[in-house]
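As structure tokens, one chain now follows by itself in the form predicted on its own.
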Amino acid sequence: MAEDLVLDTAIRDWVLIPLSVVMVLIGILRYFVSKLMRSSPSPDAKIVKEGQVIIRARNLKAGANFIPLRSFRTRRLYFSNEENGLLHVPKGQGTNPQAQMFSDPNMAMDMMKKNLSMIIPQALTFAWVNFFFSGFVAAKIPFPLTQRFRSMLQNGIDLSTVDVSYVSSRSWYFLNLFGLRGLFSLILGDENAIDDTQRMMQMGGFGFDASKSLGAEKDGLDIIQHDWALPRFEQRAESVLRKLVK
């Protein structure tokens, strides 16, 4: 039988609230520090050109049915020609994002700065929480949970008799670490929101692979079926008008 605990108000005042406020302030400070450390490299003309070609190819696929068949085939040949098409990437000439990262010291330095701006504050904050607030039962969730949530919500408390809905101070730290994205969106804006889970996922990323994107757009243009919609536009307009008149 799980035991019900009576939480002291001093734990709320000296553990729960300070820990939450510190996590918010550290997140905001980390954002501005990473913004100051972020460099603004000059865009590569080749990458910008390839991005514009991809956008034009997508616009052609989206509006293919609103141009005549001959015009569509001419534009598709201009993009997907095997000799000099804009979307054709010869074998052996595709860019390797991983090799590009190691060849560009600025890109590697920016990636290292991003990782350091995430790892160092987290390590220091976790050491602070583990030293000062370890072993506290900080809060209680107002709905019942299954035993599978015990390891997530009661990290640092080795009591199997305590109800699963109670949250330890160390688990409260992790909940704030990964659950404050909505609050950061309100404070810093949607584009400036700090999401540690996304940063962890991006630690193994190496950049934009233009050759794969160009090949995918080329395959999409090759298999698209043209169905010109404008010749039937008058008939559709006439049927709509007849329905309105009736």
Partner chain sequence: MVTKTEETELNQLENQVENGGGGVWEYLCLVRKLKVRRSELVLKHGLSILNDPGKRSALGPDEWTLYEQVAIAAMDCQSLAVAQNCIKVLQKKFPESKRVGKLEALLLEAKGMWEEAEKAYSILLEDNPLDQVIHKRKVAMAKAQGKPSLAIEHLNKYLEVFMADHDAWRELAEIYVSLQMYKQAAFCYEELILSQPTLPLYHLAYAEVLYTIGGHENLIAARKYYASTIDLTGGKSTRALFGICLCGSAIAQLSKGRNKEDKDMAAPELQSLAATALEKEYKQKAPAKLNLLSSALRSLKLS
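Predicted, not measured: the structure shown is a model, and the values here were computed from it. Whichever C-alpha set is largest while still superposing within 1.5 Å between the two forms counts as the rigid core. Residue numbers count along the first chain shown, from 1.
Another form exists, predicted in complex with the partner chain; not displayed. Remarks below refer to it.
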Answer with one of 29, 36, 186, 45: the residue that has a non-hydrogen atom within 4.5 Å of the partner chain in the predicted complex. 45
The partner chain: the contacting residue among 234, 227, 13, 222 in the predicted complex [heavy atom, 4.5 Å]: 234
Would 55, 67 and 244 all count as contacting the partner chain in the predicted complex, using a 4.5 Å heavy atom cut-off? yes
How about residue 240 - does it come within 4.5 Å of the partner chain in the predicted complex, if we only consider non-hydrogen atoms? yes
Would you please decide whether residue 182 lies within 4.5 angstroms of the partner chain in the predicted complex, comparing each non-hydrogen atom pair? no
Could you confirm whether residue 140 comes within 4.5 Å of the partner chain in the predicted complex, counting heavy atoms only? no
If you check in the predicted complex, is residue 114 within 4.5 Å of the partner chain, heavy atoms only? no
Could you check whether the CA atom of residue 232 moves 2 Å or more between the shown form and the other one, using the rigid core for the fit? no
